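Consider the single chain below, provided in structure tokens and representing the form predicted alone.
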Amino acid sequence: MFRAILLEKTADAFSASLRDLSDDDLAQHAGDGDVVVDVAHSTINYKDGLAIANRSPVVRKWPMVPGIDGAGTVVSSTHASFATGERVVLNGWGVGETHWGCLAGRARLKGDWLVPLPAALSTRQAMAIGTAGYTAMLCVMALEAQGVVPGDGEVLVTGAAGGVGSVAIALLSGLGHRVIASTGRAAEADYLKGLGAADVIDRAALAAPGKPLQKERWAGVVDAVGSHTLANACAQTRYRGAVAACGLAQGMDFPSSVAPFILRGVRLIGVDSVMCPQAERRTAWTRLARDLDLAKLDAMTTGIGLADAITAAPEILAGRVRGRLVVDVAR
């Protein structure tokens, strides 16, 4: 038996509760997985918050164990690439949405979804990174692929106090970029500067409708917010600069024009972490193990127990969680 958060829904009711489940339950509901993992740590992402709080139709199969991220040890496998005893990490692939996830002591997953956990990282550190940090690394890689290098100019990170933003600041500053953090939480300025931000600006400066072209400032942007914030960031990006967009905290709309793209050659790159190909995933995790300052990672991380994940869900949706939450599933 193992403990798990179980989401259940009928026509009349929804519940999120801590339950004792068995391998038989896994076989029934996640039987197409070919690797069984003892999960040591998981985390709470925005998408997990939506699922646990029943705020959005994230879950498409009931009942569901949420948790789009997990790190642990293989206990059995029929997949050629993974053997018993190996440490692995899981991000995305619809886990926690259409396939039982990792907010549980055990998960049955497809080997094609798994990445070997780099030796330099513990399972706790891997989940302190989680999808948020792995997405931040994909954004950094996207900017690099477009030729954005240290010394080109300032790099803007929006939604800076959240998970993606926190890791992006630590990564970019560690690589030598001058990072400007945008946040609506002025009290977090010291925290953001501790991660490596050279300056902090109020998100209100970007959140309202703006002109299609504005004064050039940013050599690159990592945006986790969308809507007017993304539109203004593009309008302020320098000639031939690049914007990596990965989130929608302000909204899914993009009230912009073609002006930044055809007059300044700005490049807007969409970054998807859920279905990202394996080769790119492995590169991202190798880079995270090499380039991320683990002391800064620890500074942005708060540990909680499995039961606490249920109460944490509405907090992350309300924007009251700083950095990363790591779930110790044994607690």
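Computed from a prediction, not measured in an experiment: that's the story for all the values here. One rule holds for the numbers: they count along the sequence shown, beginning at 1.
The discussion below concerns the form predicted together with a small molecule, not included here.
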Does G162 reach the small molecule in the predicted complex if we count a contact as any heavy atom within 4.5 Å? yes
Touches the small molecule in the predicted complex: A312 (any heavy atom, 4.5 Å): no
Heavy atom of R203 within 4.5 Å of the small molecule in the predicted complex: yes
In the predicted complex, is there a heavy atom of the small molecule that lies within 4.5 Å of any heavy atom of T131, even though the partner is absent here? yes
When the small molecule is placed as it is in the predicted complex, which of 179-187, 147-155, 70-78, 97-105 ends up with heavy atoms within 4.5 Å of it? 179-187
Under a 4.5 angstroms heavy atom criterion, identify the one residue in A249, L117, L175, A142 near the small molecule in the predicted complex. A249
I need to confirm a contact call. Of A27, A299, V274, L263, which residue comes within 4.5 Å of the small molecule in the predicted complex, counting heavy atoms only? V274
